[in-house]
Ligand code: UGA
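One chain is shown next in structure tokens, namely the form predicted alone.
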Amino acid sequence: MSVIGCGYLGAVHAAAMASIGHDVIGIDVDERKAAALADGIAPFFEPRLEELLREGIAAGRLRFSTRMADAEGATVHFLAVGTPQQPGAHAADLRFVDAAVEALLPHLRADDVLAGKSTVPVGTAARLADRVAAAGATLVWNPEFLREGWAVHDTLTPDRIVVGATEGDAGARAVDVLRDVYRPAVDAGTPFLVTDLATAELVKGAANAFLATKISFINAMAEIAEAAGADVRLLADAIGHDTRIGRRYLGSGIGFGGGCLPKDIRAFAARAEELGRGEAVGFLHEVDAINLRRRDRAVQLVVDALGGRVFGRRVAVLGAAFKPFSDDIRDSPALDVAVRLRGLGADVVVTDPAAIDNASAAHPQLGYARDRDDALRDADAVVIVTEWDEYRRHLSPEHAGALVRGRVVIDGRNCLDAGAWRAAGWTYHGMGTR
């Protein structure tokens, strides 16, 4: 098989497919990325990925190239290129999808299967299907549901596999091919759901929209809890016992970020507008607004905790990646908070176990420390914005208190034991907590 596009999605997919016995070639236009992957070096931080890369390369089942012609001979092709947000708009930019398909078409053979994994607006697959069919191949849509930091696990042991296909013999055969591709997971009992093309595209958008809504809902409740003197964590525990609601993803804080969820819900809403059904997902605009407001609130908590005097004060920001177990800083709430504090004149020092290089390249105006304790030293306030275990589990308030100048902590992820920190003499502020 071939995997077209070896960014976050494609590199993980290629390595995972090789690990279950497939012969895989990954193709990317970026020569440096392809060369690094060919050497078994992951161009981003993802647990277990480099291990799978090296195993696949050593076994002769995995290689990488920049030449689309090298996809010839593969019978299954996975399309995994990015769909960023259009500049100055909310809609998805499909130029890379279209370019990849056009480049692949001359190399498709009769009965090949092209499986789209990129997150695209509904209707994209139908538009591409005829072009692929003209080459004798069949298009299906097979959306991904990866969590950064858990992407290898989610690829090898997914909670569901969705394949959208056209009606008829060609579509049915392509579905059978995908079922064989994912045979280990299917045999292990993973639900294998067959839909039409449009539904498969909507599954991904709908899943992200629901997840974003759940996160923003609890953050909206945090706003109410703060005004009412309640504790949003206890609120989440109480409503989470309702099996219709559930406790997962009801953790309040500074909100979601990353390269997928924010841009995907915006693209979902933009496509609904194009279909004349924008009112059906109008709530997603408020979901987005709530999410961004939490970053404002975190900054305000720092300002208030420092008595309104931020200029020249040293603030240690623990975290740069948008979530733990990742070095992804795209639309990172953590870095957004750091940049805003720097804009107010604070002496900001950012630390992160994995994302320092990416963060410093994107925001050189900030101070950085690779060692957590170096970041804490002489700080007037500490802000936890990415819930790495290094901060939430392995940092005691006593140890931190011996390093800082001022015992003020802003818990932007509500991940600390507030009682323990207060007992150690810290002024503790959570997000929607008492």
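Owing to the predicted nature of the structure, the values given are computational and were not obtained by experimental measurement. Residue positions are given as counts along the sequence shown, with the first one as 1.
Below, we turn to the form predicted in complex with this ligand, even though it does not appear here.
- Of the candidate stretches 175 to 183, 226 to 234, 142 to 150, 122 to 130, only 142 to 150 has residues with heavy atoms within 4.5 Å of this ligand in the model of the complex.
- Checked against this ligand in the model of the complex, the candidates 221, 281, 200, 261 yield a single residue with a heavy atom inside 4.5 Å, and that residue is 261.
- Checking 170, 250, 108, 76 for any heavy atom within 4.5 Å of this ligand in the model of the complex turns up a single hit: 250.
- Contact check for residue 164: every heavy atom lies farther than 4.5 Å from this ligand in the model of the complex.
- The shortest heavy atom separation between residue 213 and this ligand in the model of the complex exceeds 4.5 Å.
- Heavy atoms of residue 256 reach within 4.5 Å of this ligand in the model of the complex, making it an interface residue.
- At the 4.5 Å threshold, heavy atoms of residue 342 stay clear of this ligand in the model of the complex, well away from it.
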